[in-house]
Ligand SMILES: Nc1ncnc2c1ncn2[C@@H]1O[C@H](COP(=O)(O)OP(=O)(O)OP(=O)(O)O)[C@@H](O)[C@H]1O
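Starting off, we have a lone chain in the form predicted alone, written out as C-alpha cells.
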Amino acid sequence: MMSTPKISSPVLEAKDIVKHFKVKDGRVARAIDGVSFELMPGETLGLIGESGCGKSTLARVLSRLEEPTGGTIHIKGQDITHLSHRQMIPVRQNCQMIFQDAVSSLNPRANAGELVAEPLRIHRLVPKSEIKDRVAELFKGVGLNPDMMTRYPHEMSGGQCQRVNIARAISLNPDIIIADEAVSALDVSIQAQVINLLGDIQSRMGLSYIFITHDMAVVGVISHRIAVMYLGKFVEYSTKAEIIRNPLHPYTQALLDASPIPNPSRSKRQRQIVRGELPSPISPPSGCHFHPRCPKATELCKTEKPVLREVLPGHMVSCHLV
C-alpha cells in the first residue's frame, strides 16, 4: 500500500502533449492527442488502458526518448520539451525508466554489476574506487545478493533481471521513475514482490512514479491517482479510490469489469462488456472516439467530441453522458 504524498510543487508537469507519427501514405497517426497532468513528489500516477492506446508513447515522450509534436514538459520547473541530447544528460539523472521486458532491456554482453555501475560511471556521481561498493549496496536494496553481480542476464530469472533494472534506475537517486509495464511479463507471485519492492523504495527515497499497465488490479494497488487512456487521450482522471469506487466513463467501467471478481455471486453491479477492437489512430472515429464500442452511445456521441471536465471535486471525465 502506497503512503500518501505530501503536497508541494509538481516534479513533472505535462501540458497539452501531442505526438503524431507520419505514415507512408502521408497520413498522420495521432498517438498522443492533447494530454495534460501533474505529478507530485512521492506520488504514483497509474496510467491504464488497452495496448495501442498511447501509454508507452507518452512514457517515451515524457522521458524525451521521443520528440513531442506539441505541448510542453517541465521537470522540477525546468522546460525540457526541446532540449538537445547533450542538454538532456543532467536531466536524465532526475528521470529514469524501467521497461517491460526485463531481460532484453539489459545488455547481454555485460554482467549485472557492470549494468548497474554504468550510469554511475557516465554521470560520475561516485569515485571509481567506490563504485563496486555502491553497486553492492544497490543490489541489497532491491533484494539481490551481491554475489549475483557477476551473473549475466541469461543466467538470471525475469524477476531477478527486473530487480537489476530497478537497481540501475535508482542508482542516480532520481526524482521520477517511469515504469512501462514493468511487471506485466512476470509471474503473478513475482509481480507482487516487485510491486512491494517499488513501494518500499518509494517510501525510502521519496520517488514519484508513473506506472503504466493494462491491469486494473495492479494499478489499484500501487497508485495514488489513476489516469484512464483511450486512443491518445485521457478519458477519466482522479484518485485511486474515486476511480475504483465510482467509475464514470463507460470505458473505465469496462476495464474494471474485465478484472476478476473474488466472489462473483456477491457482486451487485452488472458487468459491462465492450466489444470490438481499438480504432486506428490514423483514422479515429468521429465525435467521441469510444462511441463505436460504447453500449451507451447516443447520436451526440457520434458527432461531437466530449471535453475532459471536472464533474466531481478532483474527478475529470470526458463523456457526454456524465
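Position 1 is the first residue in the sequence shown; the rest follow in order. Keep in mind it's a predicted model, so treat the numbers as computed, not measured.
Omitted here: the form predicted together with the named molecule. The next part is about that form.
- Interface residue among 181, 215, 242, 175 relative to the named molecule in the model of the complex, by the heavy atom within 4.5 Å criterion: 181.
- 52 is the sole member of 41, 52, 68, 284 with a non-hydrogen atom within 4.5 Å of the named molecule in the model of the complex.
- Within 4.5 Å of some heavy atom of the named molecule in the model of the complex lies at least one heavy atom of residue 31.
- Contact check for residue 253: no non-hydrogen atom falls within 4.5 Å of the named molecule in the model of the complex.
- Taking the partner from elsewhere, residue 23 is found to have a heavy atom lying within 4.5 Å of the named molecule in the model of the complex.
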